[in-house]
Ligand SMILES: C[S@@+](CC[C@H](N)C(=O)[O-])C[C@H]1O[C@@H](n2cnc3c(N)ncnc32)[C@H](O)[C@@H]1O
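So this first bit is one chain, no partners, the form predicted alone, shown in structure tokens.
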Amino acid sequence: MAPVPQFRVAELFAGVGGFRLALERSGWGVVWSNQWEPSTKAQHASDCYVARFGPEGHVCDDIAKVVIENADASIPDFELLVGGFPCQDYSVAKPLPQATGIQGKKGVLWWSIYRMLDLKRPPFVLLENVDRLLKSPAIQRGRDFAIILSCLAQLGYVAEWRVVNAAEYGFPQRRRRVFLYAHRLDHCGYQWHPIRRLYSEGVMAKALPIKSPGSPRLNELLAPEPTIELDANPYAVSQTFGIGQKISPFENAGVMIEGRVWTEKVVAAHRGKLRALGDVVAKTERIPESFFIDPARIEAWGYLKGPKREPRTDKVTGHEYFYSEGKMACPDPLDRPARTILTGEGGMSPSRFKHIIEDPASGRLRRLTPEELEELNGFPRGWTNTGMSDTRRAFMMGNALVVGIVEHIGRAIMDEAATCLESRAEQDARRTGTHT
């Protein structure tokens, strides 16, 4: 069935299609997508995306080039813009006197999102990033996220965010990501009480429940004073925000309305089943021999995952220091959610950060298979088996998101979108009635 016109999606930085898989499950229809990897000639992620969804509406090209040169001509209208993008330097170049907008020095992917929002004006936005976005950079804690919020406010969007640990909502991986949702103020209206939005009425609260702060705070008629007030000029935010602060003022949840920010530390409230790594591993029937650990290399694995306090010398300055790191579980426990999958998960070489488990059937130590990594992110097994190597398949899962989390959020956005449409239709009907 073709998507309802009001529920169309454009997907940036599409990867192997995690956003699309989740949103189609929750009722949305993707009409345009972009995936392009600048550092490699082979476009494995884009090829996988096309293999699973087909080529229609898909573009494999530099998004900055696409948005600047072809946005009006080649990108269809849509209601929801989504994308997961790397954490970068979002500093803002000082505008020239004749400039009408802002331009980033480095964070080119964010500025492509900004330009897309400015050009297409979608009512809804959902973005995903690593949770350190709330803290970066080290010299101006929280500046990068403040720039993004300031840009959204400048474009007329109100926003909410949440740092989500997927394992706390029943998924078998402890993957932490920040999800940022925004909608256009002129599309859905100004009906936000920030505390109620944060804890009970917002998209994030409905999709991923959290523990309530208690009825007195939720029932307050007036909003408390905001935690942060952002400058309306993103350049000013870039220059001044976070200077001298050792920690970021942004907690793991918050809302932004016209540059005013309310942010609080919240706790997940999930009552369903909690899945573990062993639940995924138990489904695997055949393990290629190459995934079992060579007994001669077990000691190397143990060293890398073990505690260390070793003298080292800086190659540049000659300064001597002690390098320390704690012990990691080896093998990884099967009765707990898996650690976060990283892009370096693939390959046979020993590593501190790759998963290593005791195979339940044979008792031998082994790495996780690409199919297990896919299921840990909520993809169907074999999703990335489209001609790329096992190492590359693991890399794709290190870059992917947990599909089920986005599915929950997608349903909540759908509900809000439907409510906004109904409200606008009622307003139009009243206006029509007034004139007749």
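Numbers follow the displayed sequence, beginning with 1. Treat the numbers as computed from the prediction; the structure is a model and nothing was measured.
The following text describes the form predicted in complex with the ligand, which does not appear among the structures shown.
Shown alone here, Asn399 lies within 4.5 Å of the ligand in the predicted complex, counting heavy atoms only. Though the partner is left out of this view, Gly54 does not reach within 4.5 Å of the ligand in the predicted complex, counting heavy atoms only. Of the heavy atoms in Ala10, none are within 4.5 Å of the ligand in the predicted complex. The closest non-hydrogen atom of Glu69 lies beyond 4.5 Å of the ligand in the predicted complex. Screening 56 to 64, 407 to 415, 368 to 376, 23 to 31 for residues having heavy atoms within 4.5 Å of the ligand in the predicted complex returns a single hit, 56 to 64. Note on the partner interface in the predicted complex: the residue among Pro122, Pro234, Gly84, Gly142 having a heavy atom within 4.5 angstroms of the ligand is Gly84. Leu109 is the sole member of Ala276, Ile257, Leu109, Ile195 with a non-hydrogen atom within 4.5 Å of the ligand in the predicted complex. Shown here without the ligand, the chain has Phe19, Asn34, Gln35, Trp36, Glu37, Pro38 in 19 to 38 lying with a heavy atom within 4.5 Å of that partner in the predicted complex.
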